[in-house]
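Below you will find one chain, with nothing else, as structure tokens; this is the form predicted on its own, and questions on how it binds or moves follow later.
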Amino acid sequence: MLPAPSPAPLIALHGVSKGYHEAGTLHTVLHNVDVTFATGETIALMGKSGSGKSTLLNLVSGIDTPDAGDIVVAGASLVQMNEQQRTLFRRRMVGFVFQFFNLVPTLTVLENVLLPLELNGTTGAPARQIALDLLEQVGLAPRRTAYPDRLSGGEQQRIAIARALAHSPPLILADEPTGNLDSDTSAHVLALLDRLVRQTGKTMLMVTHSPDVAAVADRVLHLREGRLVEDARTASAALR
């Protein structure tokens, strides 16, 4: 009996390069990158400042386009999409968690979580129930009528996690998700993010400088001189 074929990766980068011009000089941050990320994987991206970690997230989300190569997400080439198509792709397929939360200050907690649902056409009672269920899971349903400026940093990030998951995107992109929190709050928020992502089967790419944050990932990739290098420990674990 033949073994079952391996499922196609959720994300595949093929020969991706990206650079920026500064003061008349081209700075290449990604050089001929080939990598795949499977459905349900959590991947930590590490590297020094300016190494291209956030650039990689921008490329995978379709915010930016590569200078060369192709990026395929859920079987669709982002390079072949126009700007409007990439916007719709991002709205439906991606949830974002940012270092500085990026909540809308004029919207309540509940309204912030409802936002991605409404953008994707889910409104009324069904949307409200999804949002309230997520707020229960992050422990903030009692604060649903509060505004972001009335919340602590940890509470704001928990709301941001609920918002990222609200429309059930297959891909979560987290850019230094605990970078603006103290160590105790960081540990709590990280555990919550990891649990919710895994129990819903999402793929998560997470930029971090913290070894403690990277420790929850299935794979740790380091960006060095424009290339991705996998941490030897996670690479050997994947082979077992």
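Everything quoted here is computed from the prediction, not taken from an experiment. Throughout, we count residues from 1 along the sequence that is shown.
Beyond the structure shown, there is the form predicted in complex with a small molecule, which is absent from this document and is the topic of what follows.
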query: In the predicted complex, G50 touching the small molecule (heavy atom, 4.5 Å); finding: yes
query: Contact label in the predicted complex: R198 to the small molecule, heavy atom within 4.5 Å; finding: no
query: Contact label in the predicted complex: T55 to the small molecule, heavy atom within 4.5 Å; finding: yes
query: Close approach of I63 to the small molecule in the predicted complex, 4.5 Å, heavy atom; finding: no
query: In the predicted complex, segment of 198 to 206, 22 to 30, 183 to 191, 65 to 73 with a heavy atom within 4.5 Å of the small molecule; finding: 22 to 30
